[in-house]
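A single chain, nothing else alongside it, follows as structure tokens in the form predicted on its own.
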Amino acid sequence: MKLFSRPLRSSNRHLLSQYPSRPVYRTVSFARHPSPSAHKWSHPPSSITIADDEVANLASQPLHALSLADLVKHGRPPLSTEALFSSANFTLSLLPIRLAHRIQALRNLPFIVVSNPNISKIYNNYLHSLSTLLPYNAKTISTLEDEIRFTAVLADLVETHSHTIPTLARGFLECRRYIDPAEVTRFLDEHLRARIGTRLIAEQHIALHVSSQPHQDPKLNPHSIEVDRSSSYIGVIDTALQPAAIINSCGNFVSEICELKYGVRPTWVIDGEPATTFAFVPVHLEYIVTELLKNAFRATVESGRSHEPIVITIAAEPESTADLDKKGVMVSPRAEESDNPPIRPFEDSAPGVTIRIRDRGGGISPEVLPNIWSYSFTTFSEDELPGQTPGSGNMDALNAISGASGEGSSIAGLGYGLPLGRAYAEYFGGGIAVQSLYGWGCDVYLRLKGLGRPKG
């Protein structure tokens, strides 16, 4: 239902217009230029050529375990020229390896699956993005001209992969007879987690680039902008993010959806410690909270208890003594010496928070509960399913997401939103737990870690 879709707010969406897509790959004739490994196996259809050895070499390198500390270690904007180059080179050291891993994962799917037009499109997008980064892979970014061009390549990468999720879902939906649902869940779990990191790495440098323009020579960059030095943002990370503000914003949006669909507008109350702040990525928290509130609001309305508010409790985690110096000040890990102001946005912020969402929506039946983390399950009715032809029987979350035009998901509960929300929460060491009291309601616990490295 496109009516119930909304683009996630992103502080970088307006930046992409500054860097229009500029394809740098070349189209080839398959007949005249067969794949170098055609005698071994047939690659998925592609108009982009990258040497197999190059992809294999990059894919053989281990993935860096990204942390929020990695993203803020270059300093608070505006960055010095040296720090901006350091951010660019750090970004360059990670992205080609990540893209190569995803290319290999797509090639490992059954050939009939990856040859599907939608999945093949994603495969080609990854090849294209890798081809735009490879010219930079053998050198160090050390001039403003190179950094500006590299940032334009990153903007193209972000735009190219903006519709990856619904496109993949549509492809797997069309190939469902050729691949086991458990394999789909495993692939999507791995792919979506990888996509979170890849996109975040690129968007972080784009944001740092734009917010650091005053450090560049105005003659070289006449479009310099003013940077608010009092801002709590470091790139796309808000170092003083207030969960209560995100909850109220998402609650207003979801309640409007309910009013349009059901004619009633559920209410919510926030208790606990609503003034809590911590360092996190706002767009990630917004997605997670929106999906959890959709489930709670829908269950509450459909159970006939829309007069009872959803109770949302925010609890700040106590600071670990291991993270404090002798003066009791929160220490930012991996701090680097530079000319930039020291990063101390965490002195008054909790290192993490737990958010409980409690509803009286009747709970989840024992038959449904084991399936809530599967990408091939939803509680849609056949008539509600976006893109679903009545009577076809394919009622699952893949239909929901492939019909969402890539800008959100419909109001359906306990489908695609939970596994993807869990992926966002777990990426930096958090998680989601569901406690259901069937016949009464649900408690959903969302735990988020701020600055730090996830276990494993």
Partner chain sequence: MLRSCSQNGSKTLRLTIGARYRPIQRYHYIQVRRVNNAPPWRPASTLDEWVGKEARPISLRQLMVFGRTLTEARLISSANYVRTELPTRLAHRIRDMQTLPYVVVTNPHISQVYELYYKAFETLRKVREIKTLEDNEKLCKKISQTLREHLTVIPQLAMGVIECQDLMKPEDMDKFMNTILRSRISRRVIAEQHLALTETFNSPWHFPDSPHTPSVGTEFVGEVFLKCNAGEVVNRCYNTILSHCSATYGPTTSLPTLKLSGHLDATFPYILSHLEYIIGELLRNSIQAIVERQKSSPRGWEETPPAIEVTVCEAPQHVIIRVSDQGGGVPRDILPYLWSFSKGPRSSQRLENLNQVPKMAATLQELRVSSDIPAPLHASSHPEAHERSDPIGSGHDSSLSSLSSRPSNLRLGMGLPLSRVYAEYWAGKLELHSLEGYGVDAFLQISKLGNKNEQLTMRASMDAV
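Positions refer to the first chain, counted from 1. Keep in mind the model is a prediction, meaning the values are calculated, not measured.
The discussion below concerns the form predicted in complex with the partner chain, not included here.
Taken together, Gly272, Thr313 and Ala433 are fully in contact with the partner chain in the predicted bound form: each brings a heavy atom within 4.5 Å. Checked against the partner chain in the predicted bound form, the residues Glu190, Glu183, Glu317, Glu302 give one hit for a heavy atom within 4.5 Å, which is Glu317. For the options Gly251, Pro351, Pro78, Pro96, the residue carrying a heavy atom within 4.5 angstroms of the partner chain in the predicted bound form is Pro351.
Stretch 356 to 364 is the answer when you ask which of 101 to 109, 356 to 364, 133 to 141, 191 to 199 has residues with heavy atoms within 4.5 Å of the partner chain in the predicted bound form. Within 4.5 angstroms of the partner chain in the predicted bound form, the stretch 423 to 443 places a non-hydrogen atom from each of Ala433, Gln435, Ser436, Leu437, Tyr438, Gly439, Trp440, Asp443, taken in sequence order.
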